[in-house]
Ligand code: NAD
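Given next, in structure tokens, is a single chain: the form predicted on its own.
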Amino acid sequence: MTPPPDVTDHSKPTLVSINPYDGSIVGEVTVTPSDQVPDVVSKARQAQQAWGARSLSERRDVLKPLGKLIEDRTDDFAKLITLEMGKPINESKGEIAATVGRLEHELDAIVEALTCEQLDDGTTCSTIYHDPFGVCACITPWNFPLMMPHWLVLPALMAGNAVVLKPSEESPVVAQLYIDVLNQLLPPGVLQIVHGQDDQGKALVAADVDLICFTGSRETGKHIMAAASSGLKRVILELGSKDPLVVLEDADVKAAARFAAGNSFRNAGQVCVSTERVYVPKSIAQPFIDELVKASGEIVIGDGLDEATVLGPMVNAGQRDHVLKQIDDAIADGAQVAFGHEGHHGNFVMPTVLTAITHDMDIARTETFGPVACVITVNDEDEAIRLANDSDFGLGAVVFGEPDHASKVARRLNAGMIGVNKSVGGACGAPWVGARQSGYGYHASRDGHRQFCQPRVVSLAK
């Protein structure tokens, strides 16, 4: 791996990144003092004027080489992702591919979405422009430490905003490398990074920014919305979830169980659209559980740098303890262990399948974000739908069954994205959107790209 340039100022406080697999040091970055964040934002505002004055096509041409620059350093990025947050190396490479695989198409789609429009009703001619807000603050999580910053930074820049990125303190080295690569293309000051923990995030939200884009927990999202309200700053929030999987009686039981295992345990369950609740009719519950246990037992656990590994460690001890407490509390309340919940060590939580779950248990209502599949038996699909909707969250949901039947059930689920016999991800150009308390605003798609802009209407009498 080619090491990133050492830009750390060792005379100032640093943020040390720890490998969750073995506790070794991955790297360190210089912490941005909280009282310097307003100066960073001021620099961004000055740089934004010239950047925002460029045309959409000019900004696209500046950013187009980014895909090749990241691809050329795939091994560097992949290894850093795995070292910083424990993701298996093949998943890290998949994250990189998902980040840049359709970059040029995405740039063209943003140009199309933000190109001005004209309306003419016979008496008035109006031109609708999509202008930059000014300075965009992007605050991103650790579970997809390259893709999540990219999903927010790219459309913000394309819209003509300057960007200040505050990445998670759990994955600062990956974020720094991304910013360093991107800044090879951009004018000084247009894209900057702020490193630190809660104090730096709060300082950035309080600073003179125009738009705040955040991906992370519901609780933090609420705090950001409250802090932004005093200045009526625009916000785009992608928050937590408690995604359900509804298995119908006419489903392919083996396929549904294999999906449940893969989607519950991928990235150690640390995915915003992980399957956390599974609703299965009593008539097929045991065959489903048997297949789920079988699939769970095939998972290879170990060092993420080993290409055979499917499940690595949790990102840190705090996340591990949260997951283990939820499991223990559920068992104390009557849940049964069908598989796993033994052999936990270090930051590893073994893949666990729980049955006899009821909706008064915390594990059925609070986001777990860990490798746990909770199976809930139901009498019929109406009960499954009612329970699946019995949540404050609503990011994603999945239905397995005969396609036409499952599609009708999907329309009754209160989530922003519903997959039928597949994951929740939509076709190219579909929005990434949550319902209820899983999101406020959204991104991707034509309308998602436009949320990084201020619509401005100029009208002339005919």
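Note that the structure is predicted; figures quoted are calculated from it, not measured. Numbers for residues come from their place in the sequence shown, where the first is 1.
The next section is about a form of this same protein that is not shown, the form predicted together with nicotinamide-adenine-dinucleotide.
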Q: Sort through 251-259, 215-223, 338-346, 88-96 and report the only stretch with a non-hydrogen atom within 4.5 Å of nicotinamide-adenine-dinucleotide in the model of the complex.
A: 215-223
Q.
I'd like to check something about residue 202: if you look in the model of the complex, is any of its heavy atoms closer than or equal to 4.5 Å to a heavy atom of nicotinamide-adenine-dinucleotide?
A. yes
Q: Look up in the model of the complex whether residue 210 has a non-hydrogen atom within 4.5 angstroms of nicotinamide-adenine-dinucleotide, and give yes or no.
A: no
Q) Quick one: is residue 238 in contact with nicotinamide-adenine-dinucleotide in the model of the complex, heavy atoms, 4.5 Å cut-off? A) yes
Q: Indicate whether nicotinamide-adenine-dinucleotide has at least one heavy atom within 4.5 Å of a heavy atom of residue 112 in the model of the complex.
A: no
Q. Considering nicotinamide-adenine-dinucleotide in the model of the complex, which of 352, 326, 140, 264 comes within 4.5 Å of it through any heavy atom?
A. 140
Q. In the model of the complex, which of the listed residues (175, 136, 80, 272) lies with a heavy atom within 4.5 Å of nicotinamide-adenine-dinucleotide?
A. 272
Q.
Using a 4.5 Å heavy atom cutoff, which residues in 383-412 contact nicotinamide-adenine-dinucleotide in the model of the complex? It's fine if the answer is none.
A. 395
